[in-house]
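In structure tokens, the next block holds one chain alone, the form predicted on its own.
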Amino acid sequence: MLLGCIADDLTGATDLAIMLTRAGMRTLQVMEVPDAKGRAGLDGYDAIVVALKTRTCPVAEAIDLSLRSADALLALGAKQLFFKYCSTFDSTNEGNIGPVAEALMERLKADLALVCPAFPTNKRTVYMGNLFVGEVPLAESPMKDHPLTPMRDSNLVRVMQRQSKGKVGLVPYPMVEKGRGAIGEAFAAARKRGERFVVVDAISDRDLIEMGAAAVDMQLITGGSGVALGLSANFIAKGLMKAAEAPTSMTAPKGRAAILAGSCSEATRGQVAAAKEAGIPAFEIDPLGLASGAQSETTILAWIDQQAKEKPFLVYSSAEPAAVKAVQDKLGREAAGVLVEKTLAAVARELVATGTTRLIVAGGETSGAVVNGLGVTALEIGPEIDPGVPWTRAVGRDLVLALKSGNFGAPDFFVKAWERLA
């Protein structure tokens, strides 16, 4: 095992896993920190991605889980560690990105790590240290109203500096544009200045590939999945691995197909609308109805029983920001989210127990709740549906899942995803 990866949420882990698979690395995603017994079954992979749920948990808990993951990956032989977070740098002023990254650096005794959430294919770019979502700065994007991690500052140098004790610098685009040699020189200069982290600009996949090449000897890399584009070539050049062919389809067990959407992101709301317009039957969860007892797992399952067995159906709680805020004001921010997640996880357990074998889940928190509820421990990576979102197979189970970050996927994602299954 060459590359050990620690992701701060489930769908982010899957996003990274498909990127590594596309780059030729034999990759497995696991749902918890591998213990000594669990590590015995992880041979034969070039990369292991540990999916944690540390994006919004208490800082101390995030650090502990991340360090335990690092120790397990290093014990498996990892030659480089990758700390994966969202391409929109989802965090608060207190963390958890900065504190976790610093703890990992201390564990590795590393002197410098790069910071780059860019994913140009999904319209996330970094220019002069500022993160853009499409054509607008992060602080002007829908992420400014995220219910858990509202992003009100687009400058990653400032954001990372607020979360970190060490000095944060920048490798600006004019330097990045010159390629790996110039980027490597910028890393050396940052070390001389005593910087612990450097935000690296990137507006194209080429920038990410050159960045990865320049980071060949860096012990810790932090960023979005896009940075992974340039990492496998380093291991291939050293003769440590041969590229494997990425899958283009996946054979799925026969059974019902379901879509569970808990994300309230703009992208997922558009996908819900497109699915309904395409004729996919849909049930809307009302969190206030769940809280009052007007809705429940039982009422949702009763509706599902009335739907055609041979077609997908959709259960969703996605809503506009104003509606989400109104619910949070009444139930509490965390309580509202947990209520929906627990309900969807319970629905998923019953669906799988009664013959559902193909499942799309939208939203990082929702995906984590569903996978934990189903007891899935590891995922084999299958074909990519849209950038950053593959089909996966639950190891040892007759179950395939597409676990989608709320912000990812084209508007027709819920409609077309099934075409990649045999």
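If you superpose the two forms and keep the largest set of C-alpha atoms that fall within 1.5 Å, you have the rigid core. Don't overthink the numbering: it's just position in the shown sequence, from 1. Owing to the predicted nature of the structure, the values given are computational and were not obtained by experimental measurement.
There is another form of the same protein, the form predicted in complex with a small molecule; it is not shown, and what comes next is about it.
At the 4.5 Å threshold, heavy atoms of residue 317 reach the small molecule in the predicted bound form. The small molecule is not shown here, but in the predicted bound form it comes within 4.5 Å of a heavy atom of residue 363. When contacts are judged by a 4.5 Å heavy atom cut-off, residue 212 does not count as touching the small molecule in the predicted bound form. Remark: residue 201 does not count among the residues lining the small molecule in the predicted bound form, judged by a heavy atom distance of 4.5 Å or less. Between 149 to 157, 337 to 345, 270 to 278, 251 to 259, the stretch whose residues reach within 4.5 angstroms of the small molecule in the predicted bound form through a non-hydrogen atom is 337 to 345. Scanning 72, 113, 171, 264 against the small molecule in the predicted bound form with a 4.5 Å heavy atom cut-off leaves one residue, 264.
Checked against the small molecule in the predicted bound form, the residues 327, 300, 190, 351 give one hit for a heavy atom within 4.5 Å, which is 327.
The two forms, fitted on the rigid core, differ between this form and the one not shown by 2 Å or more at the CA of residue 263. Here residue 142 does not count as shifted, since its C-alpha moves by less than 2 Å between this form and the one not shown after the core is aligned.
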